[in-house]
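Let's start with one chain on its own, the form predicted on its own, as structure tokens.
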Amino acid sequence: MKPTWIGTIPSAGDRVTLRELTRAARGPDLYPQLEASLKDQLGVENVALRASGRDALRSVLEVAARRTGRREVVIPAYTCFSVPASAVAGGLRVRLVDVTQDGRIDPQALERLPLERAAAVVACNLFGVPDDLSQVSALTRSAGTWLVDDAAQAFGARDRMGPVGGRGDVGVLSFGRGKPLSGLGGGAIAWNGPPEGFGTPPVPEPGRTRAVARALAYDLALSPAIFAVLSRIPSIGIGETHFEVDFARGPIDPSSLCLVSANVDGALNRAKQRERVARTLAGRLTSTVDCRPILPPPGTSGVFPRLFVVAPDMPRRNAALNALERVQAGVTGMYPTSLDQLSELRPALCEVGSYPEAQKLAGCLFTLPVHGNLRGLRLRAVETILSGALGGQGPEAPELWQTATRV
């Protein structure tokens, strides 16, 4: 019997629960609760909300430039395009640093850079896994450079230095769709000590009615049948990555304030659920497929917005992704290129160097959803296709391979 795939599984995103909807609609005085929860979870003294994670990072980098008198920012050569876009929007030039094959900043590569010219180094904590900042922070302190601990993908993760977002001179959060802490938009700055002049706008009155409407629409969009339709509309651009410097600035959207306030206390529980799914998937893959899931090192914890996996090489990764399109299982690539190859960024680069590890990672990385909907026959098909494309000992189900790859 040939399998029939009904709908398309989203690659990421958690549904807004009834309890969270109720809190968004009726909960008391939302902002003080959100502020207290963020301070407690990050171990910081101050939190300021912004329109988005990009706007939060832009504001931080502008202040770092003013305080240090420097106009450069160091960014990993493989990361979300929004990170360098925030720097460019803040009027800074970008200097890239190569990464390890787990997407972390390479301390040896960082040590070779002229950090005395940099206002800040941004640690991006990709894939929900904490960067090891012990060597990085020593280098930035020595150079008088700010260390920005970006928790957009890793809110709730921690290592021996503490929670991600609270380990640097300043932390940045994003509450966008698919993030570990989502308000369907918005962001925040987190720091210790006195106000740093981030130009924080006033907190808006909560937009409860619109928050509930947005949450219900989002939950509906995550259903496989609806998501299948939405993913085929080019103007929506689901799964696309863009370099954009013209983004909203100022206060957080009132409805996002409601949603992130309603979600913040449940974020760690959702992270634990995703971690269980991710580690189960990682175990199944490594026993049958030639690939390397990216997992937190011992002694650290991650939050797994998705399970990120490294294929042996780009041709086999691309073959697997092409075959998996017919399964509609939410298995996707990640950022399509290292930042040195991004034409829109070239004019803002201090120099164009060689970043071989970032380029290799961009060509080999793919992701699996961890929201729990990838299971059963569709999961077996994914394992079979990955085994056939990447190599390994996949489950004996050749008919799944044939059906999924038939054009």
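Residue numbers run from 1 along the displayed sequence. Just so we're clear, the structure is a prediction, and the values are computed from it rather than from any experiment.
Beyond what is shown, the protein has a form predicted in complex with a small molecule; the following relates to that form.
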In the predicted complex, do Arg23, Ser182 and Ser255 all put a heavy atom within 4.5 Å of the small molecule? no
Any of the heavy atoms of Thr140 lying within 4.5 Å of the small molecule in the predicted complex? no
Quick one: is Gly186 in contact with the small molecule in the predicted complex, heavy atoms, 4.5 Å cut-off? yes
Give a yes/no on whether Ser52 approaches the small molecule to within 4.5 Å in the predicted complex, heavy atoms considered. yes
Indicate whether the small molecule has at least one heavy atom within 4.5 Å of a heavy atom of Gln153 in the predicted complex. yes
Could you tell me which one of Ala157, Cys124, Ala77, Val309 places a heavy atom within 4.5 Å of the small molecule in the predicted complex? Cys124
Option touching the small molecule, based on a heavy atom within 4.5 Å in the predicted complex, out of Ala120, Val264, Val83, Ala190: Val83
Tell me, please, which stretch of 129 to 137, 324 to 332, 174 to 182, 103 to 111 lies within 4.5 angstroms of the small molecule in the predicted complex when heavy atoms are compared? 174 to 182
